[in-house]
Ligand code: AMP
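Below sits a lone chain in structure tokens, taken as the form predicted alone.
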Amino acid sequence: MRFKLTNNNSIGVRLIGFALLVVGISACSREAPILNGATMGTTYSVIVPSLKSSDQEVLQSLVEAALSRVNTAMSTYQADSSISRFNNSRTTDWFVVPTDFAYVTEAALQIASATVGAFDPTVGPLVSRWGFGKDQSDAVPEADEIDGLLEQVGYKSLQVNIETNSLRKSSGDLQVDLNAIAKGYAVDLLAEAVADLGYVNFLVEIGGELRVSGKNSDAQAWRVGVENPTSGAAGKDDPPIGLLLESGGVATSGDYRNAFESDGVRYSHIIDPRSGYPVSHKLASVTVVADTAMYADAWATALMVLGPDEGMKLAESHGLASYFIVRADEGFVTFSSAEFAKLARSP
């Protein structure tokens, strides 16, 4: 039985929803102009407190062009995208790709190396077999099938050349999947579109992942809220964790967005590229604040794969601002890295 959790039974979804709610209240208190629409199976919004009416149509065009760039280059759901053509190609020669594709792949490989494969942009075959790609399935693969797919996965078998904007795979079976980093990159492109028009105060967001700059419409730092799992629970009223940001990207990864259940076992869409199986630890979600939404997006996924102990260790060693929500025997426990603690404020 495949299911997608809703706000009523998923702290992860409520966490993202609350973050946007706080941002929305703070940003829109003076009727800040907002552009919004649908993209990448979710929605986007752009908030520019001082946006001139004469710039709104121009900005809308820039936003749509940026989103089209990302989908045309990196959407595995588009048969004619650059990533689909690369994946369908059996060549092991250098393959020319768009600049965006090469840039994001390089960043993905950097994080793959830093996590020794916990984050891996070649995990696509495993994601697909577990039914979390274009074709959904509730069939749990056999162990020998997983072993066979693991032979097709490995970030060290993928190379990128930024100077020539080209990729090369050592095996024709290798597949690239940038879904864990491309949405964050799209957020950064939206931020770039706003900045190109000369604005320094804005918030852009796609599906809960966001990038902020400057001040909100109240001339205050942008307030982003990360709700504690016990907020609203019976007999408890823990306040949310508040972040006051004037720059940077924020992203959350959790095991709540997509999952299926088979024979009483719940399988998350978060696949560990090292084992070939969905993660089974007690980490429910990770929120990361980074200089860009792209890196926040990728690191949140990487830490989610690593789990609470290994993830926190890596977050501290890399100076990542990270907030962890972990399932406990009774409810949830939360903890954060030293860098995240520096950002946390009362709501």
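In this text, all values refer to a predicted model and were calculated from it rather than measured experimentally. Residue positions are given as counts along the sequence shown, with the first one as 1.
If you look for the form predicted together with the ligand, you will not find it shown, but the lines that follow are about it.
When you look in the predicted complex, the only residue of 104, 123, 190, 224 with a non-hydrogen atom within 4.5 Å of the ligand is 123. Contact annotation: of the candidates 174, 206, 97, 270, the single residue with a non-hydrogen atom within 4.5 angstroms of the ligand in the predicted complex is 270.
When the ligand is considered in the predicted complex, residue 322 lies well away from it, no heavy atom lying within 4.5 Å. Contact annotation: residue 119 falls within 4.5 Å of the ligand in the predicted complex, judged by heavy atom distances. When contacts are judged by a 4.5 Å heavy atom cut-off, residue 241 does not count as touching the ligand in the predicted complex. Mapping the unseen interface onto this chain, residue 167 falls outside it, with no heavy atom inside 4.5 Å of the ligand in the predicted complex.
Stretch 297-305 is the contacting one of 43-51, 311-319, 61-69, 297-305, since its residues have non-hydrogen atoms within 4.5 Å of the ligand in the predicted complex. Contact with the ligand in the predicted complex, defined as a heavy atom within 4.5 Å, is made by none of 213, 289 and 343.
Although the ligand is not shown here, in the predicted complex the stretch 157-192 places heavy atoms of 177, 179, 180 within 4.5 Å of it, in sequence order.
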